[in-house]
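Next comes just one chain, in structure tokens: the form predicted on its own.
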């Protein structure tokens, strides 16, 4: 009887801890949705109250103000993510499967770039973009994003590729498969969960980037959502608090949808091949 009571108490404490964690996690989201559906009068009179009647006009104004910039963010971030995944897969295959002089030294040199804070290369990167005439163009975002995101990806894909038996790749070569065929038919399927994880992580990073787009993009029509929403919020002023919060909710939707559909593969990629160095 005492053992059963103790077990029930432990389960109750676990459920209470889980419920508390979920409440803390979802409370900001619930608050954001509530504020986004209120008018200025409702916010002043009853900030914590239920938003009724719903001010769906806030979302209409928010979508009208930032939808084009959300599209820009999706296009730029997707292009950079595809490049990162491709370069990571190729680099991981080269360093994990192929054997050539200086491979380890070159790999360690590549990994050492991870120790350099991104803020330190902001000025040289800007000077390079200006010298190439790419400022205020999509390539000013896509190319720097892709060049910086592939290093961690190469490390993870190399770990997955080098952890496989060498006989697999040797058998493919004996059967007449070239390096590209081995890369595409063997290495890519093995590293697919990790590549998905790399893609999700980098896409979220690029989509949420603020400082670099603010630095190199001045055309409002080409600007990304994270910068455009600041402009939208400034134009809305104090009278458009609900509209501003609705805009934040709008630009969050693509990330939420992407993570829902890729969460299972994302989690499997975090635990596969990432511990071997």
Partner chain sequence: MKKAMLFFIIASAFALFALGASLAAYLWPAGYSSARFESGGVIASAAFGASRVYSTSDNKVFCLNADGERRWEFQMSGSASALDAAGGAVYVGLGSGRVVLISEDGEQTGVLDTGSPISALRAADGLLAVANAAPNANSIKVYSLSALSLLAELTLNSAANAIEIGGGRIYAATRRGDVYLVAQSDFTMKTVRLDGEGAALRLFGAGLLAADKSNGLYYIEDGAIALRDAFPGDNYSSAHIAVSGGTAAVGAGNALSAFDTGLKKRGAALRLGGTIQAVYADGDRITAVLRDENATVAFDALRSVAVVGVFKTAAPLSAAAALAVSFVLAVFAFDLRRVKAAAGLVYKKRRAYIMLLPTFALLILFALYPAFQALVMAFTDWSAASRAVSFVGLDNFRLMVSEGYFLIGIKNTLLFLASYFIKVLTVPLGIAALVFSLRNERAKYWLRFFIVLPMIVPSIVMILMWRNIFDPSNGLINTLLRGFGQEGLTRAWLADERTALWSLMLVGFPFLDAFSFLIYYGGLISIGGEVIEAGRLDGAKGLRMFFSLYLPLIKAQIATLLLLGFIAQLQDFNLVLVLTKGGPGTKTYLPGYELYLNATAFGRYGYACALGLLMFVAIFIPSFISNYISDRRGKRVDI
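On a predicted model such as this, the values are computed, not experimentally measured, just so you know. Positions refer to the first chain, counted from 1. Heads up, when I say rigid core I mean the largest set of C-alphas that superpose within 1.5 Å between the two forms.
What follows is about the form predicted together with the partner chain, which we do not show.
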Can you pick the one in 176, 133, 165, 189 that has a heavy atom within 4.5 Å of the partner chain in the model of the complex?
-> 133
Would you please decide whether residue 210 lies within 4.5 angstroms of the partner chain in the model of the complex, comparing each non-hydrogen atom pair?
-> yes
Residue 9: heavy atom within 4.5 Å of the partner chain in the model of the complex?
-> no
Interface membership of residue 94, the partner chain in the model of the complex, 4.5 Å heavy atom rule = yes
Evaluate residue 150 for contact with the partner chain in the model of the complex, applying a 4.5 angstroms cut-off between non-hydrogen atoms, and reply yes or no.
-> yes
190-198, 82-90, 157-165, 69-77: which one contacts the partner chain in the model of the complex at 4.5 Å, heavy atom to heavy atom?
-> 82-90
In the model of the complex, residues of 19-47 near the partner chain [heavy atom within 4.5 Å] | 19, 21, 22, 24, 25, 26, 28, 29, 31, 32, 40, 47
If you line up the core, does residue 26 shift 2 angstroms or more at its C-alpha between the shown form and the other one?
-> yes
